[in-house]
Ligand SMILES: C[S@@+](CC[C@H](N)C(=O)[O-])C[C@H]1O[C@@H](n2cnc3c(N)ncnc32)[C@H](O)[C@@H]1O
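Only one chain comes next, encoded as structure tokens, the form predicted on its own.
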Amino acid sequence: MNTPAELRTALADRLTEDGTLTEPGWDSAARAVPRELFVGAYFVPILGSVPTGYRPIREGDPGWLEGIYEDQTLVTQLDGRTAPEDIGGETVTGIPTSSSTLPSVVLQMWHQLDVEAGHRVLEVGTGTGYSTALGAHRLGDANLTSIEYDPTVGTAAATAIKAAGFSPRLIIGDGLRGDPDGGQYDRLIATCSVRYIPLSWLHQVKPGGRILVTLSGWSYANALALLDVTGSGEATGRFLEDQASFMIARPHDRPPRPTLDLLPGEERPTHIDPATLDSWTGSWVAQLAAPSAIRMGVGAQQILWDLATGSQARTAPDPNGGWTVTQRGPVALWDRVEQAVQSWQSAGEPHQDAFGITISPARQRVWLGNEAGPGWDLPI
């Protein structure tokens, strides 16, 4: 049986071979920080279960340590309250609300942040503390502040970080508000996703500094953005080629919703294949066009439901060929999505790295190609 150190070295070797680890400081951190201190137990999804069931894996269980050193995300909390230690050996269902993101993504994001010696970094979303410990190893404790929204998660992370030998500044609070004591940072990295960039971040990161964050929404489509802060409350940036998916920050998550009743509306042919929304970038473009909507369904049968207005849109195959869409409510959801998707298709259906973002105190606009191209405002 391999020791934790041997498994950690093997993981770092794999990440070096695949090009994830390219900077010596982060390579050293990956080989030094024991992930098992931060993931004492975790949930494993049961493949094929609907809704998804999760089985708890605890220290000492077969495969526990090996699973920790696989390059995979480990779910550590369901529904904002249920930890693996809270249940017996049975399968449970729930919505993941905290996790230890797969090491390759964590380390790749630290690389993309482009930190230098002496930089002060604000991390939003301590989570299990593994990413925080990597940052403390590379940057030094005094240069890293990390904020966690969930007190239970944050307390456990603080214990693990101390056990690993690090002591960065840790805060329990709403990371979307930034550092409650203010201060100026050179870099900000978010390990949760947001619907828009909080203005507090733009005021706490120095002009010339950078923000790395995943933008998401109520349809849970994601895109990773690297922003350059250009002034107080202002930034511009591009979306990156790498796909990243993080749990949405709880204050930005969609509100509770009642049972959906599909109601009659106006029917017409649709000019795009509804299955386009199933692709990574296609779903994100649709979310940009309808930011208050959730998306359900798959393939030819898509359902959009706007939580702000109650508007609905649903597609179906047309027996005579093509597809139809039925819409009702004050917002013509499918019209907006269709127009956005057609703009994207006219550009050749590029990946998200063809998109950029411009932020001012009054507006946050995502655009395609360049600032004069098609664009969509984020719901600030």
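The numbering used is simple: start at 1 and walk along the sequence shown. Given the structure is predicted, the values throughout are model-derived calculations rather than measurements.
Heads up, the form predicted in complex with the named molecule isn't pictured, but that's what we're talking about next.
The named molecule in the predicted complex is approached by Asp174, whose closest heavy atom lies within 4.5 angstroms of it. In the predicted complex, Gly125 approaches the named molecule with a heavy atom inside 4.5 Å. Although the partner is absent here, Ser98 sits close enough that one of its heavy atoms falls within 4.5 Å of the named molecule in the predicted complex. At a distance threshold of 4.5 angstroms between non-hydrogen atoms, Tyr185 is out of contact with the named molecule in the predicted complex. For the residues Leu277, Leu288, Ile147, Leu240, the 4.5 Å heavy atom test against the named molecule in the predicted complex is passed only by Ile147. For the options Ala221, Leu113, Leu78, Cys192, the residue carrying a heavy atom within 4.5 angstroms of the named molecule in the predicted complex is Cys192. Of the candidate stretches 298 to 306, 248 to 256, 81 to 89, 161 to 169, only 248 to 256 has residues with heavy atoms within 4.5 Å of the named molecule in the predicted complex.
Relative to the named molecule in the predicted complex, residues Ala293, Ala316 and Trp334 are all farther than 4.5 Å at every heavy atom.
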